[in-house]
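A single chain, nothing else alongside it, follows as structure tokens in the form predicted alone.
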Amino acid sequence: MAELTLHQTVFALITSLAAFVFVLDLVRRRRLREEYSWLWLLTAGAMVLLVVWYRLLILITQLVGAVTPLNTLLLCAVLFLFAIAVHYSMIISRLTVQVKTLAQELALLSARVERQE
């Protein structure tokens, strides 16, 4: 398996660090809540780790039986997207229950107010 060139390594490292800093900045400016940032920060951190420690990527590639490190990275991308989808599905499910509860409470309060008038 071929090593990354210096140009590829620098580009991947800068991209990974930029993603990490971008997510931290979104959290700092309160555009992204901390509870939702963990998966993005974990992914950016993993990208930095794999760029800096390329032999780990090679080891993971061999462990999963992939042909090239690119296949391993694509597998990781699919797993990341799966994790994001499950995470947001859990959030949507929780919010759906909250909206239903609030709608029921509002209906009860509205009926009470109408009876009192």
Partner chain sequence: MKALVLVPAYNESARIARVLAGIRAAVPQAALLVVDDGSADDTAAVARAAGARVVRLPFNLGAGVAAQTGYKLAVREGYDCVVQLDADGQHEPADIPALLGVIARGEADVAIGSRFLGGSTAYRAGAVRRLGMGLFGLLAWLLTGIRFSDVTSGFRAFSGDVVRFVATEWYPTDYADADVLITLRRAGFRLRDVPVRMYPRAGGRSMHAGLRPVYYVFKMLLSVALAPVRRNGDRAERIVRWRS
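Bear in mind the structure is a predicted one, so any value in this text is a computation, not a measurement. Positions refer to the first chain, counted from 1.
Although it is not shown, the form predicted together with the partner chain is what the next lines describe.
J.: Would you classify R115 as touching the partner chain in the predicted complex, given a 4.5 Å non-hydrogen atom cut-off?
T.: Yes - in the predicted complex, heavy atoms of R115 and the partner chain come within 4.5 Å of each other.
J.: My question is simply whether A111 lines the interface with the partner chain in the predicted complex - judged by any non-hydrogen atom within 4.5 Å.
T.: The answer is yes: A111 has a heavy atom within 4.5 Å of the partner chain.
J.: Can you work out whether A103 and the partner chain are in contact in the predicted complex, taking contact to mean some heavy atom pair no more than 4.5 Å apart?
T.: Yes, A103 is a contact residue.
J.: Is A18 a contact residue for the partner chain in the predicted complex, using a 4.5 Å heavy atom cut-off?
T.: Output for A18 is no: heavy atoms all beyond 4.5 Å of the partner chain.
J.: At a 4.5 angstroms cut-off on non-hydrogen atoms, which residues of 74-98 are near the partner chain in the predicted complex? List them in order.
T.: Result: V97 alone.
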